[in-house]
Structure formats: C-alpha cells, structure tokens
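Single chain ahead, written as structure tokens, the form predicted alone.
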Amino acid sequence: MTNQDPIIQERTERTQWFLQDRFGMFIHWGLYAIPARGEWVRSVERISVEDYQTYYDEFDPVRYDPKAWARAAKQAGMKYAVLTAKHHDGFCLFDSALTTYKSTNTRAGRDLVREFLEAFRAEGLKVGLYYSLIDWHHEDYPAYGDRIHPMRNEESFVRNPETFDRYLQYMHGQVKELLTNYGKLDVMWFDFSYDNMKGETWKATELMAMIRSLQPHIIVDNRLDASGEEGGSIFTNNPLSYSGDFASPEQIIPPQGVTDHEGNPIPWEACITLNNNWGYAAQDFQYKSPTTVIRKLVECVSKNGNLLLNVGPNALGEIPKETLDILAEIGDWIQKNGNSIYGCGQADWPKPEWGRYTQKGNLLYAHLFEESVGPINLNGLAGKVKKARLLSDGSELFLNRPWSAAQYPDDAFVSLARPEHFSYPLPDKRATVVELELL
C-alpha cells in the first residue's frame, strides 16, 4: 500500500467525518422547479434564454422554509446536506456580485443559500454546496456545437473561443464568493465534466489551490477531474491535486465498492434520486420505497461508501409530501438501528445470503433482509461470537447450534427466540439488525 502520497494522506484526514456520517441529503432546486420536468429541461427541450426567462420572472418560493427542510433531514438520520447553489442553467440561489441572474433579483428577493446554510447548521448538520462548472446562461460558455447546450444546433450561438477565459474568471470568482461569504462549508460538490470539458479546461489546478487556501478542511468531489461516467485519477496511487476527496458514482451502487488500482479503499458516495428525477418533476411518482432506500444505505456502508439521497423541492419551496413520508420512515428505522450505519464500514466477512454485514471494531451488524428456515446461519463464525442482541431494543438473542447443523462445524447460528430450532418472522421487515459482539 503506497499511501505516502501527500494528497492521499490529506484526503484521509479530511474525510474522517465523512466516513463516520455515511448518510446525507442532496437538494436539487432552482428555476426548473416551475416547468417541473426535471433539472435538464432547458437542454432536453432546447429552450432559449428568452423563453426560459418566464420562469425567472415567476420565481417566488413563498413556502421556502429551510428550517423545515433541516428538521426533515435530521429526523431522517441524515448528517449532512448539499444544495445546488448554481445548476447548469446558470441561475444562482445566492447573492453573487458577479451576475444579476440570481434569487435576490427575483420576486423572492432572498439569498436562498444563506438561509439554507444557517438553518442546517442550526440543526447540527454539516453543509455543502453544489456548483455547476457549466453554464447555459453565460454568454461566454460554449454553445453551438456543444453536446448538451440548449443552443447546440443554433449557428447564431457560435462563440469566440478566446472569450472562454472570461467565463472561467466568472466561475472561479463565484466559487471564491461561496467560500468567503458564507462561513465554513464542509463539502464542495462540483458537476459537470464531460468530453474535453474537464481538468485543466476548468483551470482545475488553480481552482483547487484557491479552494484549499480558503477552506483547507473542505472535501471536494472528483468531478473537476472526471465525468460522471469515469473516475479520474482518484482511482490511482498518484492522484492529481484536483482529483478530489471522494468518488461520486451516480444512480448506481458500485458492485464491489470503490477502490484504487491496488485494491485500497477510496472514500465514495453514491448520489441517488428518490424518484427518477433530480429536480422537481410534477408527474414523477416513481418513488423508491423506504425499505429500498434503507437497504441501499446498508449496501453502501457495507462497501465502505456513503449515500447522498436527493430531494427535489417544488416551485413554492416545499419538499413533496411523498418525499417527507419516505424520509420519516427511514428516520424511524435509523433511530433504532443507526449504530449499524454511523462509523461502520465493510465487514471482515463476506456478504451473507440473507442480507448484508456492516462492522465497527468488534461489533458485526447482521442486516437481515430475508426470513430464515430455522436459525440464522452465520457462515464461518463458529466460536467467534460472544453475544447477539437485537439492535433496535437491545434484547437478547440466542446463540445455539441446532441438532440439524452437525455437518456445518465452522458456522455459528443465531435465533430470534426459543425454541432455537424454530423459524421466526423478522421483527422489522425493512431490515432487522442483529448486533454480534465478536470475541
């Protein structure tokens, strides 16, 4: 293991809290909440700046209550939150001195980022800001011929390549504003690198040096260096200065977790939507069930990863009721079983057939997703388990070798009740957690 690289050493120090907290809230919110067809609506429907202006003129989220958002996140068991300060459409939720295209100039007349940060900090949550590296509103950002710009097919939007540096000054300047005008930030979440629009195209070395000089503790994702489809140099033992502090797989949980080329774990966070859109989509009711989210959180932790679960508030500033109901049930489970998530990681034992393991020191957490025939098999753990408890209430469980297991001397067995050789229903259908104290 070649962890002598100073970039890796610093990354390890910065991400200690991140690997402890494990569960965060992503918030995609902006003008696109009004058309309510997802955050890429400008690109997908090739909407001009003029036609998109109607949403700017209408934007007035009168029910925006970041304190309510923060309470919902905390009650769900989330430990940190990341808000879109600026998405691809270029609209800023903060009071930038570098543009007029911002929330303080709309009917809202509010610095929505500042209110978010104050509310979430007040609940004891760590805070982060998402910032799009691309900008479909800025006149110096490449448009015609770009793969994703709304005006990609409009020849009148040909840009002079020499003016791109003006955009970079603007983008760097806004990042500096966020890092100097809003107090301590815990996460800086960049998006969206693609094709040749990555790395030094963004003057990434210079940008990261500025970030580190202003807030050296802050953790940054890997998307200055890499697109969402690829990992970048964070996957090597010689990462670039702008490789980031964690990998950011999107809408997928990596089959084997995330490691470098030598198999050493890398901090990572799966960002996942709760339905099928990041931004509010009024007709998208394809919500993941609380059970699915709970089990996917467990899966991430079992692979040394975090889960950043997205919510998309509507045009009025409300998190949809369907979302809040799901978050409440996730929170109910975490309140009882959070010890199997926070501070835990991949176990020393392979994935069992009935669910997943997470581990913290000598405590092995068995997450039971399937009911068993007879006692629950703990493969390879014979003579290694001192005690077993139901994590949700601390009640005693029974370690006993059933008469029918004589052929499996290497395995331990745990039962939820007596007689131990009977089958019993799982107390929690979402995920029943057994805390195993190892010898």
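Just count from 1 along the sequence shown to find any residue number. The structure presented is a predicted model; accordingly, all values stated were derived computationally and were not measured.
Although it is not shown, the form predicted together with a small molecule is what the next lines describe.
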| query | finding |
| --- | --- |
| The small molecule contact at V127 in the predicted bound form, heavy atom, 4.5 Å | no |
| Non-hydrogen atom contact H137 with the small molecule in the predicted bound form at 4.5 angstroms | no |
| Non-hydrogen atom contact F398 with the small molecule in the predicted bound form at 4.5 angstroms | no |
| Y287, heavy atom within 4.5 angstroms of the small molecule in the predicted bound form | no |
| Joint contact, F18, Y80 and K296 to the small molecule in the predicted bound form, by non-hydrogen atom at 4.5 Å | no |
| Heavy atom within 4.5 Å of the small molecule in the predicted bound form - residue from Y64, F413, F26, Y55 | F26 |
| H149, H88, K102, K303 - the one with a heavy atom within 4.5 Å of the small molecule in the predicted bound form | H88 |
| Heavy atom contact within 4.5 Å of the small molecule in the predicted bound form, the stretch among 90 to 98, 186 to 194, 327 to 335, 156 to 164 | 186 to 194 |
